[in-house]
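Single chain ahead, written as structure tokens, the form predicted alone.
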């Protein structure tokens, strides 16, 4: 190996270690902060402390943790499942059924991606308040069900779906909905897994729209609770770090359970 190759390899490893440190350090600081007092954190302490149990105890005293996590899980799971159903059906339809207006409609959908969600919040608020759906799970979930990005994602991955399987299924007498359920969904499971991770994280971490829609404490999600703790007159940073750790655990668990499928799905894997 030449000197240039060795230097390049060392530089590459150094950059990777730096990137890993930058990525991991916030998580370490969050965990370390959960074990320290607010004074320790504001004083710049980065090592583990001995205040974890008092912080956890105080958090459970101030927050109805089972109710808050139940609300977050309803929003995250409900939004993920409904969006997967709608987006996969739409992506399948856009790719499999050909028509003169198909590409025009799809292009119009992609054009709508340029509209920021903040521009739609007032019309959505007026619409949901007009039909009496404010402060409900449905009001949080509904705007994201027909996710244009997810429709685009499923359509692009459907391009890799073997047309021979669909033709063979039709020759065997299967209806289109049977082809979708029995063949398409199992074959595209990596795509579903990747979309599931993205959607679960998006719905779990949603903050702005739930802040507008949810108007009572018994409907608050974990992200709203963390934000309320952080905006206190004298915030307890140890308590906030405990809340952040607990709020992060479900997304980490989902990602590690599906990480192999996630990589396959993002690469357009078809099994």
Partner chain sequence: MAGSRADLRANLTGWAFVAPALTLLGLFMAYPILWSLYMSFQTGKGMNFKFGGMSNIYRLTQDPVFLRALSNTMVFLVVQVPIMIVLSLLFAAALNNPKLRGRAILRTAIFLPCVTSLVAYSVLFKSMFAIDGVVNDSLLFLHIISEPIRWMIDPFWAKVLIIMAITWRWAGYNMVFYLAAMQNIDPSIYEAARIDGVPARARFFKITIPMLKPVILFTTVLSTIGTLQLFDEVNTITASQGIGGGPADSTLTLSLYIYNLTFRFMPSFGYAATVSWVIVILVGILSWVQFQVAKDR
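This one's a predicted model, so the numbers in the text were calculated from it and none came from an experiment. Positions refer to the first chain, counted from 1.
Quick note: we don't show the form predicted in complex with its partner chain, though the next part is all about it.
Visitor: If you check in the predicted complex, is residue 219 within 4.5 Å of its partner chain, heavy atoms only?
Guide: Residue 219: no contact with its partner chain in the predicted complex.
Visitor: With the partner left out of view, is residue 244 within 4.5 angstroms of its partner chain in the predicted complex by any non-hydrogen atom?
Guide: The answer is yes: residue 244 has a heavy atom within 4.5 Å of its partner chain.
Visitor: Although the partner isn't part of this model, could you tell me whether residue 165 comes within 4.5 Å of its partner chain in the predicted complex, counting any heavy atom of the residue?
Guide: Taking the distances in the predicted complex, the answer for residue 165 is no, it never comes within 4.5 Å of its partner chain.
Visitor: Is there a heavy atom of residue 51 no more than 4.5 Å from a heavy atom of its partner chain in the predicted complex?
Guide: Residue-level check for residue 51: no, no contact with its partner chain.
Visitor: Go through 188 to 196, 143 to 151, 71 to 79, 157 to 165 and give me the stretch that gets within 4.5 Å of its partner chain in the predicted complex, heavy atoms only.
Guide: Checking each option against the 4.5 Å cut-off leaves 143 to 151.
Visitor: Quick one: in the predicted complex, does every one of 56, 135 and 257 get a heavy atom within 4.5 Å of its partner chain?
Guide: Checking in the predicted complex: none of 56, 135 and 257 is within 4.5 Å of its partner chain.
Visitor: Can you tell me which residues in 86 to 108 come within 4.5 angstroms of its partner chain in the predicted complex, by heavy atoms?
Guide: Result: 86, 89, 90, 92, 93, 94, 97, 99, 101, 102, 105.
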